[in-house]
Ligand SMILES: Cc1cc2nc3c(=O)[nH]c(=O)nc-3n(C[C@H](O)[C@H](O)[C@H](O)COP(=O)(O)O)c2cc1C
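As structure tokens, one chain now follows by itself in the form predicted alone.
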Amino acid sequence: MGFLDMRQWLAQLEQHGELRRIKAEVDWDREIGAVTRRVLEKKGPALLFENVKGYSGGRCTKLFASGLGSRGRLALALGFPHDAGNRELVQHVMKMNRATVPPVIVDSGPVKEVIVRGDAIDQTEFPVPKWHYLEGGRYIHTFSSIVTRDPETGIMNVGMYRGMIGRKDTAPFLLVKGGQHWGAHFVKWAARGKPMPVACVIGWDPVMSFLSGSPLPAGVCEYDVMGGYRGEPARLVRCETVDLEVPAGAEIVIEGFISDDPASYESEGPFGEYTGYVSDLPTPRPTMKISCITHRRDPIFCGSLEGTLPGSYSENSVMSSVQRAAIAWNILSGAGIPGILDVYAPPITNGVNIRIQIKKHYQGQPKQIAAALWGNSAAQYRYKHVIVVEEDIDPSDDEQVEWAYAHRVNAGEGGVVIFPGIFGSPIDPSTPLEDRNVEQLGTGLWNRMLIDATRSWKHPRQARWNNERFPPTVKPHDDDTARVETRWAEYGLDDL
């Protein structure tokens, strides 16, 4: 499956009935966000807003949102049928995250059709929403792929980070020096006394968004992995004002520099975060000074409504459900832990909670699983709560997991383990404010929890339990089930 540009992706979504064109005039100020939230609640399609108030003409007139806002659309983006299952997608991502095809540099491409410099730069010429009424401004970077380069190795990183419009040519970002790959780059550039070059890619192949929103190992360039997913090299062009490369077929690229000089910082926030809560008060943040914008003719702006609530999953939620499960499974395989059968990250939790299904080999296995996950850098914002179940429990079935939690967990006997004070998310509202102080601590702090919902091997096997450690369940004998299935129509129940 070759690379798509965003227009091919829109056409594919439309072909599958997964895109709705909104032709009625919609206000960028809060109304677009409210419409998008309502459609997410209804498990509706992706949205292309074609009539944004104040943007009937000019540089950019359309806004695309929720392209990866459902499991079915993510499956399509990865080359699978709409109804592909969790295990199938997770195992594909596990494999593809390890595949690489390096990109190629080309002379030019559609993203160079229009080049804007100097006083002509004005981010408000794009229909950037104010997504939520409590947010601090218009967030231009909610689904952008942010490209930076390690000044020591020369390897580029492509990540996804929030950033809002400051002035017409500035954008303050939530840039965390500890735990984020571009944060590590930022520290290295600052040590050299230089601002960090940055390029923000808005709108291209959905696999770029999928991978830039995922923590691949440090030193692995996401462009290489994108090529592995698509089976061909990504075609990149050099930026105009920074030493970085971006997709030739992107819709919009914003170039610039971020300095570590506090005098250059601008106020950022609040923001409706992936937790479903609005983040704290405005805070001075590292700020991008824009040096150039390039874009296609008649570009389509792309953004995402962040924040997950019960019954309303954001694109981040859907991506995290598959990608965070795949990354966790690869971590556990790399740690040599046997018996991993399935990994499920409920979309409602954005990978903060994760469920591991195992064929249990020994009593301490669930603790080993939690330790492996919590010790990995991918756990910066995820894997706060780990639940381990056995092969008779489907980790994606809430009722089965709750049943195992109710009847196989004894908190006082090691069934619940708390690991305090480890690195974690600085935007989790359950964390005390003092443990979210990134300036002081370098990261957030979490108290993580393991729930071992497996059957304890401390229980001796009992002859009266068919030599098992737990009593038998009330499930009928296989012979009885087979007899009933044979006579089902005879009972007059074949309509059930």
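From 1 onward, residues are counted along the sequence shown. For clarity, every value in this text was computed on a predicted model and none was experimentally measured.
Keep in mind that the form predicted together with this ligand is not shown, yet the notes after this line are about it.
Stretch-level contact check against this ligand in the predicted bound form with heavy atoms at 4.5 Å: of 365-373, 282-290, 89-97, 205-213, the positive one is 205-213. Only one of the listed residues (Ala199, Ile258, Met164, Val158) places a non-hydrogen atom within 4.5 angstroms of this ligand in the predicted bound form, and that residue is Val158. This chain is displayed alone, yet in the predicted bound form one of Tyr383, Tyr344, Trp182, Tyr223 has a heavy atom within 4.5 Å of this ligand; that residue is Trp182. Proximity to this ligand in the predicted bound form holds for none of Leu74, Ala77 and Thr308, with the criterion being a heavy atom within 4.5 Å. Interface membership of Met319, defined by any non-hydrogen atom within 4.5 Å of this ligand in the predicted bound form, is confirmed. None of the heavy atoms of Ala248 is located within 4.5 Å of this ligand in the predicted bound form. Among residues of the shown chain, Arg355 is not one whose heavy atoms approach this ligand to within 4.5 Å in the predicted bound form.
In the predicted bound form, this ligand sits beyond 4.5 Å of every heavy atom of Ala326.
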